[in-house]
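Just so you know, structure 1 and structure 2 below are the same protein chain in two forms, each on its own as structure tokens.
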Structure 1
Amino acid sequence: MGGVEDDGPPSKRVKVSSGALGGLSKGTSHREQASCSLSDLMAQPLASQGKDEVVGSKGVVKKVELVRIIAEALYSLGYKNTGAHLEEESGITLQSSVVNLFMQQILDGKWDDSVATLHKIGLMDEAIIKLASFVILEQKFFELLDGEKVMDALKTLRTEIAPLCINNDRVRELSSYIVFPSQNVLDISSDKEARLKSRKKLLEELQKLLPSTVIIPERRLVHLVEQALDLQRDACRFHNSSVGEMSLFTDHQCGKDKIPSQTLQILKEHGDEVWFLQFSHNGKYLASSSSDCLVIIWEVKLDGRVSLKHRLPGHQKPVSYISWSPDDAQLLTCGVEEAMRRWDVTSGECLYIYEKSGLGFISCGWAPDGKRIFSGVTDKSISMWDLDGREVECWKGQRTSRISDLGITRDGKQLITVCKETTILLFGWESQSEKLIEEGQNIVSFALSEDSKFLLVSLLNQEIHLWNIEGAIKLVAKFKGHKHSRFVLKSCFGGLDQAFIASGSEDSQVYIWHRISGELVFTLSGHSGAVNCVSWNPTNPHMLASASDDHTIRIWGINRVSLDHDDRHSNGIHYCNGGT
């Protein structure tokens, strides 16, 4: 989609175009006298062609519009002569003569003429005319100041800009530049080249302001192609690779091999049911917790293999929740209704144990600055702590329940908890604002998207709901198919641009849906017990991990690992050769 960029402004292109047209008309007249081929006849515009003629099988693409945006694309890519040829051969001009005149007047700094021409372009909206005039006259004002014509600039401000009654605050700001000219924010220089550059920027601003029917937006064809690729990508159920692999030559369609569906490793270090796991933000580590009261930090090697880094003992009860610090240097772990611990990832040392007399913790999470910690408490309150263990704030009341999930938005301003069996609370802890998501079934768990715009809610009725929580809260999708009736199962976003939804299931499988279409695209078999939790590597869309009641963690990928027979079992890690 790249090409040779043309830094010249549209009017500059038009000047070249018109000049080229003159030369071309003279040159082609000699060729036409010499011969007349079939291609020449086909190239002539038909008498029946009109502005409403359409092309394509759908009958929705107007030929005139198509030719104009192709011409604009040619000019913007630097193919000026080819663009001029297209205009001449098709008889369809990129811009009207009035628009060409207007654009040239802007580049020549003929401000009064350009404002007069603006009224002749055919704009129906008086507000747009006034706003465009304001922008043009503002440029005139600054250039007069730069030329030390202060009285002329003042006259322009008083008699031309102010009467438009557009943006009075800006008018007052402009008046200050007369007193303090050095504040000129447009940095307009008397240097000819710099001034032309400034006028080109003005022209670009006007192109965005004026309707596209009057002046075609810059690189419109490229934008349409990008839109088409985006739609193809979004419609592709298995798209899980970089956009750079898409081609304009064929319709985009990925194969199933882009989804991590092969068991590459089986991690067997835990001695009991594995309840929770989560990749670090940088994708270099995986942390897991179990009903064996043990937390394990795993390291993801450069070749994609996962190896044991630290065992973290200390919890007296099963560990139900883990949260990585924003910089992935520390880890929070939360036992079932007991203490919360903070660990150093590099050394495996326990840095601090957070306790609250007579109470236990059920969830934990980090503020985006990494300096504060939030926790859900068994008395249904939420606490905020500093790293030294001091409780900074406590919000009492029905703030949370026994569900061990705590979401914190990227800006750190909202805490998300399950406050009742069927209700999720979005709590603005600074503003004390509250928003609620009401579900019709018991909530089991939830997951927050990476951009904090969406919330994935797992329900006991074998449904997963996707909510848009940016602005007005809205249910946007439902995912079904997995088995869920008794246990706590956790789902996640994942894949390239988080285009997929994954979830554990009580039938020992991992379920993967395409996020936009809601279609179930994969079920992954291999575990022999309920799959409690899944985590997709945030930096590697081809790596997925699942935790199960069968005491194991499975690492799913797209490439088979080829190992010697003697190396297939090591330190509680079983390497697979693509099977289950």
Structure 2
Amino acid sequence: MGGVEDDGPPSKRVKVSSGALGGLSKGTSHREQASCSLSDLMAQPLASQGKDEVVGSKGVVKKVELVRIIAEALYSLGYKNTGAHLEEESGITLQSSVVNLFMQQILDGKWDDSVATLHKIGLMDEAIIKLASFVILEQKFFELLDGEKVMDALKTLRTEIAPLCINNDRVRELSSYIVFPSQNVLDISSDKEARLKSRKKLLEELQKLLPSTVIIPERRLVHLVEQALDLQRDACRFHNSSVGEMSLFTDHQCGKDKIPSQTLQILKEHGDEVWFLQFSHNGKYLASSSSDCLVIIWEVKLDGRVSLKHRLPGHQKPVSYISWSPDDAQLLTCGVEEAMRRWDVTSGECLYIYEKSGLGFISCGWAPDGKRIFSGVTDKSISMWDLDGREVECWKGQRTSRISDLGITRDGKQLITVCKETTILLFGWESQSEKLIEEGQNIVSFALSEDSKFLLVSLLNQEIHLWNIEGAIKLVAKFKGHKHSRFVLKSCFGGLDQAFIASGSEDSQVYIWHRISGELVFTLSGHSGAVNCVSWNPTNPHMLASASDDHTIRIWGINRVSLDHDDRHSNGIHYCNGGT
């Protein structure tokens, strides 16, 4: 029994403290319940207590509802006695007695009775009553058929089911079952267990049909808890690991330790400013390019170390953009207003050099089927090429400016380019449709999210804008804090489920924001020159690469040493799941 006084009159509203469940004595609640007429039960399926009583500090949780879903949870878990005891002690019944009767009749197979009871529950919506009746009578029909009582089944169909005048297609199917008995899919044998199981399934279906105030959905409490966990995970600003264990005891809050923040390697192969880098789709390679006109393919070993695989000489101009083929077997590189080259990743040899007389290439990209290539050209047009070097199509006009980014959506249908200084073009090349994103400032670069639903745009006014490009185009978020007013810097999506945004900065640091909250999570120091480009490993959320004017590439990762020591490297307070 709860610790609250039981002497008080039942009408007195008692604010519930944790532990106690209502201040009513047992006897009173039963008497009140019995005296409630059927109409009361219909209006609010529960007797006694002010139905507005609330629990919790926010005043939004109704006590009656809370107790009902707890009772349902107990029954679902198999604690029938406890459930019944709760109903008794609180004076709050899980279901009204009419509904209880209804449910029992379904389980007992008393079909005609259950349909009659259905009408007494007090549902407002005629359509629902009909649907529910239909479903119940269907069960009756099949059980009769199964028991070889064909004429009875036919009678049910004719006199009870068809007159409902709903779902004529199903009625037609039922007729077929009578004539072709072998088609009977339900197959409820006279085996009692199978029959009960089938009836339980019917009950579940009815629970979904009838409003939830009448019959509470099964496992509602667990569903609410799962919802809360989802929300916690979304709100977790440092969430970057697949967390198997989320505890119910405290709010989920990751520590910063799973976000790459330690320099694990410094790669010094380039002889000049490193302008661009990108991981392959499978995360096994990294390609980088420099103003020394060299392109390098790096290999990411199993232990996470990055080592040189191939040097790709040949370009006469610095390579401003690199594109991995969808299968990561080939690489496209584009020299600034120069030629476009296609390389084999395994051998490092140049497979083809694309040239257009009198013109230079600006950007390059693969079609998702790996058979065609798109490129932006200095005359502001976009071309499509096949692997044999033939120009398949060319779209002229103001399609692209000097910006070297080229985006291709996952379905291969839209090309994304910066067509004017402050405008991005989404070009449906087959349908010739055009959508524009207008910015107020000069656009420097952009990146497309993996699901092709979002576009990250870096601007010269030191802001990064996140746009939703699926359906109606709208600005979703802005990220600030870094320095960007002169150079070409690139930003990217990254981390688990692409939950983070990373960007280079003119102050030599790497900036990382949490995408949903917009909060700046980390600034990583180490480089001694502007950070031009960042790339987050798509298959390893703990690996980030940055390219800098200091001629180096840095590989960032998490501190693999245990959390206890190395305070030099820690960037903040450590939170573990469960503590604050």
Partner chain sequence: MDIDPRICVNVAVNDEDVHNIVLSYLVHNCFTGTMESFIACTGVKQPADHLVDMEKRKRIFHSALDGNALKAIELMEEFTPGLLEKNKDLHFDLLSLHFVRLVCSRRCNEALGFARTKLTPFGKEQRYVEKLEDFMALLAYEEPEKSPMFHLVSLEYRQHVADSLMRAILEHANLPSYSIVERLIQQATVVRQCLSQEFGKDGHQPFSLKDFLKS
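Everything numeric here is computed off the predicted structure, so don't read it as measured data. By convention here, residues take numbers in order along the sequence of structure 1, the first being 1. For clarity, a rigid core is taken as the largest C-alpha set superposing within 1.5 Å between two forms.
Annotation: structure 2 represents the form predicted in complex with its partner chain, while structure 1 represents the other form. A movement of the C-alpha atom of Phe141 reaching 2 angstroms or beyond is seen between structure 1 and structure 2 when the two forms are aligned on their rigid core. Core-aligned CA deviation for His465 between structure 1 and structure 2: less than 2 Å. Ala116 is among the residues whose C-alpha shifts by 2 Å or more between structure 1 and structure 2 once the rigid core is aligned. On core superposition, Gln105 has its C-alpha offset by 9.8 angstrom between structure 1 and structure 2. Overlaying the rigid core between structure 1 and structure 2 leaves the Cα of Pro211 displaced by 4.8 angstrom.
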